[in-house]
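What follows is a single chain, given as structure tokens, in the form predicted on its own.
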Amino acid sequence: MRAKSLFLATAVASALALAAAPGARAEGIKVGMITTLSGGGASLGVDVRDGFMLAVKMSGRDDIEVVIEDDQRKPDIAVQLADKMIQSDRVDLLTGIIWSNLALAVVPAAVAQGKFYLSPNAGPSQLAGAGCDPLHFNVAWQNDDLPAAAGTYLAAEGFDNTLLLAPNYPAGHDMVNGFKRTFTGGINGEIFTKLGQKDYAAEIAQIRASGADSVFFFLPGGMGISFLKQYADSGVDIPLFGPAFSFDQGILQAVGDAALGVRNTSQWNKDIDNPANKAFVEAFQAEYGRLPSLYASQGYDTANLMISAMEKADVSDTDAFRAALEEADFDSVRGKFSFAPNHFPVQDIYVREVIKEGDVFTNRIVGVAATDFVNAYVDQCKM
């Protein structure tokens, strides 16, 4: 907790100093970032935070204040922090949440109080469909998107008996449903684990005995690290596939050789060839001494979307700022980027393969799984 408090104090103090600097613009924005900075999912929140703060720094703007807090991956803590930020800190905009169950606890109340919420990660179906809101924007993906692209890819590759594995929480069910929506082959079965689970001996035994020809799994953060290592040690040779969340840059170093050759779907990778992405990858490595992850790219794009809206409207003018966000007039690291009517991305989704470059495990793009992909819940959104 002491380390987190020191970081928070430093971040706020630095931002306040910049805001008070000579020549600072009168109109600015105060951002409340609630993200996971401790426990098993900390690497995801750290990367979202670092990507966001890098974009703020690179913008050169002196009128952005960011208050950062650790939700500890607990919905009740996230709700308390959101209430504090809205009522005491008086933030204009909220961002940062990684986990869908936390987003479902925080976002509806935040937008009901007139605060913008820009999601750099969590994209539950409830917030894309009937629960969509004019003040909520997702800058990453709807939870179903990457698994739906994986379903298309596995069907095209000829797999016809796939076993599904995911945690038993909103994003886990979204991932399974997204895969099933596009996969035209047979489903061998569905296994739902506890959120945060670390021991997968029972699940691996089920996979071994299943007769499946492939496994599609979604286990983000530390869950994915544990599963991949145990799976490799088990000797089970049924091929694995998944969305990017279990094959991301920070996770791969902990998994090591167990992930080599596994294919996964993602809307971003470090080798996407456009100027914005090249500048991001270079700047992130220079700033933090490591390769950026998918989560870092999403934090970076979220900040740049916000900054692009600030160039056109003041956040106190809700209608104008919302319209500016909807235009998505920024250079995304993904290349082309726009919003569907429910404020979720329209974007290409790639197939990546885990490789090793020198001593570093990473991904390379080997194909395109979906072009201009639109989430499945647009028609349920009425706003």
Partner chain sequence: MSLILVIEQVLNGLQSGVMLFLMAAGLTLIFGVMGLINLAHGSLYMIGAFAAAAVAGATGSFLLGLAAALAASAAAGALIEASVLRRLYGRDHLDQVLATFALILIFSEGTRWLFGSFPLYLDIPDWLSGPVLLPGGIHYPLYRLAIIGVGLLVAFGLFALISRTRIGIRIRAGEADREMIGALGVNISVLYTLVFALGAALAGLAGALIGAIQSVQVGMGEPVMILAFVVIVIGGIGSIRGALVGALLVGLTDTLGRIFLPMLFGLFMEPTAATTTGSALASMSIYILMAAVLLVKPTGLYGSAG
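Just so you know, these numbers come straight off a predicted model, no measurement behind them. Positions refer to the first chain, counted from 1.
There is another form of this protein, the form predicted together with its partner chain, and it is not shown here; the text below is about that form.
Go through E282, D76, E311, D233 and name the one with a heavy atom inside 4.5 Å of its partner chain in the model of the complex. Selected residue: D233.
Proximity to its partner chain in the model of the complex, single hit among V255, V91, I272, L219 (heavy atom within 4.5 Å): That would be V255.
So, in the model of the complex, is A42 in contact with its partner chain at a 4.5 angstroms heavy atom limit? Within the cut-off, so yes.
Should H173 be counted as a contact of its partner chain in the model of the complex, where contact means heavy atoms within 4.5 Å? So H173 counts as contacting its partner chain.
Contact with its partner chain in the model of the complex for Q113, defined as at least one heavy atom pair within 4.5 Å: yes or no? Outside the cut-off, so no.
Interface membership of K198, its partner chain in the model of the complex, 4.5 Å heavy atom rule: Answer yes; at least one heavy atom of K198 falls within 4.5 Å of its partner chain in the model of the complex.
Within 4.5 angstroms, counting heavy atoms, which one of the listed stretches 43-51, 320-328, 61-69, 339-347 is next to its partner chain in the model of the complex? Residues of 43-51 come within 4.5 Å of the partner.
What residues in 186-212 sit within 4.5 Å of its partner chain in the model of the complex, counting heavy atoms only? Those in contact are E190, F192, K194, Q197, K198, D199, Y200, A201, A202, E203, A205, Q206, R208, A209.
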